[in-house]
Every structure is written in structure tokens, then in C-alpha cells.
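This document starts with one chain, in the form predicted alone, laid out as C-alpha cells.
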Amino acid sequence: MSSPGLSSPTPPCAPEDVRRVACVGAGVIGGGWVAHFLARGYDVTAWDPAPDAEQKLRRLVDAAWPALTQLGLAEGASPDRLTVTATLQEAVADAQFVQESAPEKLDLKRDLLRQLDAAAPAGVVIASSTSGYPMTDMQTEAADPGRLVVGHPFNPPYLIPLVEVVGGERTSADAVAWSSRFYEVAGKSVITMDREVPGFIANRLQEALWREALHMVANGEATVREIDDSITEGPGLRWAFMGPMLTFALAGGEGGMAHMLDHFGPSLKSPWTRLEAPELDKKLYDAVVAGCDDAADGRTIADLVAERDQGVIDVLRATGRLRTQGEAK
């Protein structure tokens, strides 16, 4: 969503000419963005208010670097091109693009975007990694809301290609177009949304599956391990290269989606799903945590991260979507 009538100062450079990126917020998502941009050959400045943020960030980058090396590093890419600054203002002072990845608290997002807008050079696009808030709700305090967009990634941002880009009611159309092109140049697969949707697209779909999983655990219908296996050994294999809609179309045989809807449409009324979220009481909380511990089977978080990263790389390679450096979609 964007407003053609609103305009901001022209970005100081074309998306292809960006050399310095600022990442504000250096947790799991922000740190993942840092790793991604470093691997693509950018100079990255980062800031996070946590006292141990720099140590954690550098550990995250070091842990991600083997996977990024497999994906293929841009010429000159190096963790040494990361600078962690003492203040937000220093981080964005010379930035040509800003990625904000602060915690999901609306008041915090509003104030932080206001500060970033005041500190970043005129015209520089500022993107939020928010996983649920519409930009319309976050850009209310910024002096130049036209340059604020959502650039919603998926964890980990250095591996999962998708980023969903959308503006708010006061975002300029030029800022949305510029951001989408920048992400493409930076190696991402971009969906440019033409309107704000609560939870965006992929999160809405993930949330439906997540709620059903919690209901099944709460009702004793399936274990955490069984739920995960049902996806990784079943539809997840198809979803890695063909989404749920086309997958269902093939269920209709030569008749395609029309035959599938005619044949299976009535089952949509069956009481299979429970889309209302279950009560996350202590019993369900403990069951899910214990189930994940059981499914991990002794593997540490670091072990699981390495396994996940290698798995994503293998799927990307097997499905022909492991894009090389310099290849933009």
C-alpha cells in the first residue's frame, strides 16, 4: 500500500549503487540481516541498546558464515566490514539504506522510526522488519513518513529468500518501488504487496498451521514430533518448490483446481480445523516445550541451527533456486 500523492526526497542513490547499510536492532532477525548484507558485500553499521549486543551479534555472524560461504560470498564480503556503533545516530549517519529490527512493541517501533527518520540522511529509505504491525500504525510520529516501508523477512534472513514489502497510507510509491528493487539487488526474493494485510501473507498462513498444531497438542491428538514429521515427510516436500494452491490444483488431476474444488469443496465445511487460538495455559506451555526437547533428541540449539541452515541450502540447491552472487531476480 502506498500513496502516489505523497513524496519524499529522492533516495541519494540507485538501489544498485548502495554500498553502506545500517541495521538497527541486532537480535535474531536484525543479526540475520547483518549477516546477509555482509555476505552480499556491503559495509554494515549496526546498533542495539543491549550492553552485550556486539558480542552476541559477532557470534551470530560467525555462526552463519559457513552457510553463507556455501551460498557464495560476494567479492570482498567479510565480517570485518561490520562496525557496531555506540549510538543510533552514528549507525545511520552515512547509511544508504536502513533496516530496523526492534522488538514487536508498537510504541517502541513508533518512537524508534521517529528517531531513525530524524537521524538518517534525507531520502534514505528506512524499512521495518515488523512481523505484524502495518506501517500505517508505525509511521505516525515520523516527520517524513513517506520513506518508511515494511521489509518483512523470514528467519533466518541470511538464508530464507523471501521478503514482503509494503508501504503504509503515508508511504510514497517511489519508496516502495525503490525498496523492492534494493532487496532484489541484495539477493532477496520479493513480494511487493499492493495493500496492507494484517500479518502480511506468509505469516497469516504460518499462523493458521501453528494454531492447529497447538490445538492438537492441547487435545492430545498428536505430539510435537508427529506434527513436525507430518510436514517434513509430507506436504513440506511439495511446498519447497510448489505452493499449497498449485499443490491442491494437482489433486484435481487433469481437471485441475476446478475439479479439486468440485470434489473436495464440501469437506471445507467439515469440523476439522479450530482456527481460534487455544488457551496457552501452563499445561500446554509445558507440553510444547517438553515436546520440542524430546524432538531435539539431545541436539543443542547450535546443532539445530546448523542442521536447519544446511537443510535450507540443500533444498535450495535441489530445487534449482540457489542463486549465485550478482544474480538478481
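Counting begins at 1, following the sequence as shown. Just so you know, these numbers come straight off a predicted model, no measurement behind them. Think of the rigid core as the biggest set of C-alphas that the two forms share within 1.5 Å after superposition.
Here the subject shifts to the form predicted together with another copy of the chain, a form of this protein not shown in this document.
Heavy atoms within 4.5 Å of another copy of the chain in the model of the complex belong, among the stretches 120-128, 171-179, 103-111, 140-148, to residues of 103-111. In the model of the complex, none of the heavy atoms of Ala93 sits within 4.5 Å of a heavy atom of another copy of the chain.
When another copy of the chain is considered in the model of the complex, Leu275 lines it closely, a heavy atom lying within 4.5 Å.
Contact annotation: Arg58 falls outside 4.5 Å of another copy of the chain in the model of the complex, judged by heavy atom distances.
The closest non-hydrogen atom of Gln89 lies beyond 4.5 Å of another copy of the chain in the model of the complex. At a distance of at most 4.5 angstroms from another copy of the chain in the model of the complex, all three residues Ala213, Pro244 and Val288 contribute at least one non-hydrogen atom. Annotation for 211-230: interface residues with another copy of the chain in the model of the complex are Arg211, Glu212, Ala213, Leu214, His215, Met216, Val217, Ala218, Asn219, Gly220, Glu221, Ala222, Val224, Arg225, Glu226, Ile227, Asp228, Asp229, Ser230 [heavy atom within 4.5 Å]. Comparing the forms between the shown form and the other one, the C-alpha position of Val305 differs by 2 angstroms or more, with the core used for superposition. A movement of the C-alpha atom of Leu316 reaching 2 angstroms or beyond is seen between the shown form and the other one when the two forms are aligned on their rigid core.
In the model of the complex, the CA atoms of Arg317 and Glu164 move apart by 3 angstroms or more relative to this form. A change of 3 Å or more separates the two forms for Val224 and Glu307: their C-alpha atoms lie farther apart in the model of the complex.
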